[in-house]
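Here's a solo chain for you in structure tokens, the form predicted alone.
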Amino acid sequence: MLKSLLTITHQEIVMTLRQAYSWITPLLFFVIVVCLFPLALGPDENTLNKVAPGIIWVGALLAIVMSIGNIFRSDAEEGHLDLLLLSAHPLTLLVLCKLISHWITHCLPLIVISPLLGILLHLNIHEESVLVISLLLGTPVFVLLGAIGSALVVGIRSHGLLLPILIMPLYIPVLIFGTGSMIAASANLPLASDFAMMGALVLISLAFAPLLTSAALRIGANQ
């Protein structure tokens, strides 16, 4: 079972990397959004440092929302989703494999490039380390919760803004604690409470999101 799941995850990663547009587009969007703010606000170091947490986190959130609708779309269009629903493996574990591969291919590049964008916003070393840790804790929650909404609308051809409307309210706690940790880092305040809350959100999402996504897939596939 474990070997099969690792194989499935590896295949999902390889397939996504071959479709470069699917993961490069959100990455470029994230870079463009963050780079536009220094042009609009000017080069003042204090101003950019104050707004940096909001800029980076909102940019990451929007980039992930752009990609979250593609988790199950290609499977539904190619008929692979029916095979997943009829597979001998538990659907929950198959969904978890897809979510892990999606985080690796779409979120990890954002995290890797974020320190370079932090330099553009005049973040110091401590603030950049907090940024990376907070993104490592926050982006899995974005993917896990976003997958629930993506599964619900998988059977709807033109869902438009329905998916963002469904999942955006779920992202608010992560956005609050993610930006709060960076603000606390800039003020040299303790970070344990923010990281603890984000870690709790990761564990809760990991426990329930794959189950809810599996149920939502069965509902969405019948629409």
Partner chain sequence: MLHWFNQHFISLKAFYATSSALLPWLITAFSLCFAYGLIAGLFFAPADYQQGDGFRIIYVHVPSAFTAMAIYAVMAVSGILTLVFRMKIAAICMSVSASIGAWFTFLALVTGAIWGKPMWGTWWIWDARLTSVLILLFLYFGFIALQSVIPDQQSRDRAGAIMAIVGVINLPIIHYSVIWWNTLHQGPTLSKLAAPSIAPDMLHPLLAMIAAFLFFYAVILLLRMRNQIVLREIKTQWVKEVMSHAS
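Positions refer to the first chain, counted from 1. All values reported here derive from a predicted model rather than from experimental measurement.
In what follows, reference is made to the form predicted in complex with the partner chain, a form of this protein that is not presented.
Chemist: Using a 4.5 Å heavy atom cut-off, which of 176 to 184, 40 to 48, 61 to 69, 26 to 34 contacts the partner chain in the model of the complex?
Modeler: Flagged stretch: 176 to 184.
Chemist: Does each of L131, L137 and V202 have at least one heavy atom within 4.5 Å of the partner chain in the model of the complex?
Modeler: Judged in the model of the complex, none of L131, L137 and V202 sits within 4.5 Å of the partner chain.
Chemist: Between V95, L123, C107, L145, only one gets a heavy atom within 4.5 angstroms of the partner chain in the model of the complex; which residue is that?
Modeler: Of V95, L123, C107, L145, the residue with a heavy atom within 4.5 Å of the partner chain in the model of the complex is L145.
Chemist: Can any non-hydrogen atom of L206 be found within 4.5 angstroms of the partner chain in the model of the complex?
Modeler: So L206 does not count as contacting the partner chain.
Chemist: Would I111 count as a contact of the partner chain in the model of the complex, using a 4.5 angstroms cut-off between non-hydrogen atoms?
Modeler: Output for I111 is no: heavy atoms all beyond 4.5 Å of the partner chain.
Chemist: Spell out, yes or no, whether the shortest heavy atom distance between L99 and the partner chain in the model of the complex is within 4.5 Å.
Modeler: No, L99 is distant from the partner.
Chemist: Counting only heavy atoms, which residues in 162 to 192 are within 4.5 Å of the partner chain in the model of the complex?
Modeler: Contacts from 162 to 192: L162, I165, L166, P169, L170, I172, P173, I176, F177, G180, I183.
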